[in-house]
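A single chain comes next, written as structure tokens; it is the form predicted on its own.
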Amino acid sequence: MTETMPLVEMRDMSISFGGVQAVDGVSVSLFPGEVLGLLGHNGAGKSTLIKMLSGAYRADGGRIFVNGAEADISSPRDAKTYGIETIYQTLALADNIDAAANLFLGREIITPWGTLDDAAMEAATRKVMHRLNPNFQKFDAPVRALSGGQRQSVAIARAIHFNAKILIMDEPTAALGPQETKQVADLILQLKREGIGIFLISHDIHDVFDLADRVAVMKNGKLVGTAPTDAVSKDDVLGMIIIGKCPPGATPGPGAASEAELAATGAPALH
């Protein structure tokens, strides 16, 4: 990777709810054109960590840097000003309106006469959709009539049109069939080529190995470790998720299990 400065750096991030430490001293970085897979069991803290970046939660501690400069993110609006967009599993699309209306929902283009500039919004939508998914044709159809992969295209196009440089994708292929999953994978590869950095939250380890350049594994609110996907196996990553065992190809984090902890589980000792 030629870029040395991360797009995003989250340093020592912490947050608790009702005395329970949901995220405890987690540091991760994301580079331009990189997909970082964020893995862990339900309750591991991965979604909570990302919600601090997206502005959904205000961190108790830690610092966020975007392009090397410290960022103050206390709301989703703040996050958007830094080029951070989140595509949730639910996609947050309005089913009864078409792609262009969804793209500009809440940010409509208005004519000098105070009416909606439908022509300008459709032209902009066609341009960004062609860039992402040249085969997309259903510009007049309500979003409810689109396939899961096409709906993902619309959600991603909305983020990209408004100059997102950092995308958070929460379970982007959940409930999609093989063909639609491939369509979303192609979209992600296209975004990588454009230098966009992607946090990929997923329960599907196969998805992550297909799409991510690196993985970061969390357990009990702490970072077990990070690793290039080509330096670890799926079994290695499962060991990180389940018992916190950091393999030789990974960089350990504060949540990595010690030799004594591993011995108590009956797992082989660390190398």
Partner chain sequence: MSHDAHGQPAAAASVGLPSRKTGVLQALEVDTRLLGMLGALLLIWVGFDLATGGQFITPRNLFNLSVQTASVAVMATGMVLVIVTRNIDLSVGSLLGVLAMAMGAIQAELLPQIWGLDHPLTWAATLLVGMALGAMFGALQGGIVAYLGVPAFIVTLGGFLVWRGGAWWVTEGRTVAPLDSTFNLMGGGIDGAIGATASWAVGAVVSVYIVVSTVAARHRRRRFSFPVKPLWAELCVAGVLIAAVLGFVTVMNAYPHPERRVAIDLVDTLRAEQATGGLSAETLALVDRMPAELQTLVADPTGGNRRALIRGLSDWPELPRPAHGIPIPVLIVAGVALVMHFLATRTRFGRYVFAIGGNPEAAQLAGVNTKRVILSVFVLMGVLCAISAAIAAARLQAAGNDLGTLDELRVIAAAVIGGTALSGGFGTVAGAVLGALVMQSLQSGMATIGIQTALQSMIIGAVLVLAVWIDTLYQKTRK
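Positions refer to the first chain, counted from 1. In this text, the rigid core denotes the largest set of C-alpha atoms whose superposition between the two forms falls within 1.5 Å. This is a predicted model, so every value here is computed, not measured.
The same protein also has a form predicted together with the partner chain, omitted here; what follows describes it.
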Original post:
With the partner left out here, if you bring back the partner chain in the model of the complex, are 101, 115 and 119 all within 4.5 Å of it by some heavy atom?
Top reply: yes
**OP:** Name the single residue among 154, 200, 188, 196 that comes within 4.5 Å of the partner chain in the model of the complex, judging by heavy atoms.
**Re:** 196
Subject >> is_contact(residue 192, the partner chain) in the model of the complex, heavy atom dist at most 4.5 Å >> reply: no
Original post:
Does the 4.5 Å heavy atom contact test between residue 168 and the partner chain in the model of the complex come out positive?
Top reply: no
Subject >> Contact of residue 179 with the partner chain in the model of the complex (heavy atom, 4.5 Å) >> reply: no
Original post:
Any chance residue 93 has a heavy atom within 4.5 Å of the partner chain in the model of the complex?
Top reply: yes
Original post:
After fitting the rigid core, is the C-alpha of residue 100 off by 2 Å or more between this form and the one not shown?
Top reply: yes
Original post:
Honestly, after the rigid core fit, is residue 201 moving at least 2 Å at Cα between this form and the one not shown?
Top reply: no
Original post:
With both forms fit on the core, has residue 161 moved 2 Å or more by CA between this form and the one not shown?
Top reply: yes
**OP:** Report the direction of the Cα distance change between residue 188 and residue 135 in the model of the complex, compared with the displayed form, as closer or farther; the change is 3 Å or more.
**Re:** farther
Original post:
Is the CA-CA spacing of residue 194 and residue 136 tighter or wider in the model of the complex than here, given a 3 Å or more change?
Top reply: farther
